[in-house]
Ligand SMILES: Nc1ncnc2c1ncn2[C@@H]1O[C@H](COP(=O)(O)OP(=O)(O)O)[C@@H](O)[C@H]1O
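Next up is one chain by itself, shown in structure tokens, the form predicted on its own.
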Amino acid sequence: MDEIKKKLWAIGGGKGGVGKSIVSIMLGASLARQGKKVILVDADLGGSNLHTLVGIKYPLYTLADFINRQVENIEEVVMDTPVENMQLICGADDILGIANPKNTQKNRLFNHLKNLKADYIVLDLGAGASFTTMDFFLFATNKICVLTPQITSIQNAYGFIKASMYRGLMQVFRGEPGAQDMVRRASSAIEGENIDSIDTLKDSLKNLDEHFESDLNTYIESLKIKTIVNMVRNDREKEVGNIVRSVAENYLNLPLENYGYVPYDRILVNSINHMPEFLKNRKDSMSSMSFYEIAGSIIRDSEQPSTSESRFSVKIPASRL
């Protein structure tokens, strides 16, 4: 189980256009270059594009075929890519309702993803903070939030992290309606609300049950969210990750890890329409070298022994949330 948890990495973020799909592909390719078997999963349900970026025009099977039980085993929808050691599960955006699968469908998908034979499974998530996107993000033990130095991206990244944390806390306290009500009140910025921060939420939960405060602290410590700042143009923009980390610590009591930055790379930007060629031939570009270093950090983190075991299930109750 420890090995399964280490191989799952979710790439999320609050704003479209920050480069999550490119980050997912480049990290996947960088891990593959270092000898790891990688499966990318296009989990941007309703807006998939990874297959186009890696040069697959007409996928034989997509994630929709698995979700709709047209195939029973998720391994049947895994496809090869032009990058050696990197495979892809294509998404689909042409089926009504696929962007909002039922909880039973999501749980079945999660259970099958854990059994895929790969060193790393990289989930490329959609933009925004829909329940489905946050559930994918929370499902993965390893979480990366991508943002750019733009103020709107910074705000949306923080909003996504905050919303995901509270979504997870609703799962932690499932079956405890009093505690869930307090979490819900703390998550909404309503004028006059007396539970308006993590600190007041902790006090309120402690008054309800002394164990609830401990459960909250344990869950927040287990999140271990990392950030990557993409398309950095100067030294000042390199500090954006530290700014988000400071805000999360001050307002959410949530420790973030700044996983690094990727410089703005005109060569990469101009190669978006020719990504398969870029992945094969431009391994020495500025961005490629940064992604290679971040992939090395992923490998090192994955090889470290776990220091603690989360007590909280990622299973989504069908009747709640």
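This structure is a prediction, so every number in the text was calculated from the model and none was measured. In case it trips you up, residue 1 is the first one in the sequence shown, and so on.
Same protein, other form: the form predicted in complex with the named molecule, not shown, and the subject of what follows.
J.: To verify the annotation, which of these, Leu216, Met231, Ile74, Met134, has a non-hydrogen atom within 4.5 Å of the named molecule in the predicted bound form?
T.: By the 4.5 Å criterion, the partner-contacting residue is Met231.
J.: With the named molecule left out of view, choose which of Tyr264, Tyr292, Tyr259, Tyr61 has a non-hydrogen atom within 4.5 angstroms of it in the predicted bound form.
T.: Only one option qualifies, and that one is Tyr264.
J.: Tell me which stretch of 251-259, 65-73, 267-275, 34-42 has a heavy atom within 4.5 angstroms of the named molecule in the predicted bound form.
T.: Of the options, only 267-275 has residues within 4.5 Å of the partner.
J.: Heavy atoms within 4.5 Å of the named molecule in the predicted bound form: does Ile298 have any?
T.: Outside the cut-off, so no.
J.: If we define contact as a non-hydrogen atom of the residue within 4.5 angstroms of the partner, is Ala10 a contact of the named molecule in the predicted bound form?
T.: Outside the cut-off, so no.
J.: Can you tell me which residues in 10-47 come within 4.5 angstroms of the named molecule in the predicted bound form, by heavy atoms?
T.: Read in sequence order, the residues that approach the named molecule (within 4.5 Å, in the predicted bound form) are Lys15, Gly16, Gly17, Val18, Gly19, Lys20, Ser21, Ile22.
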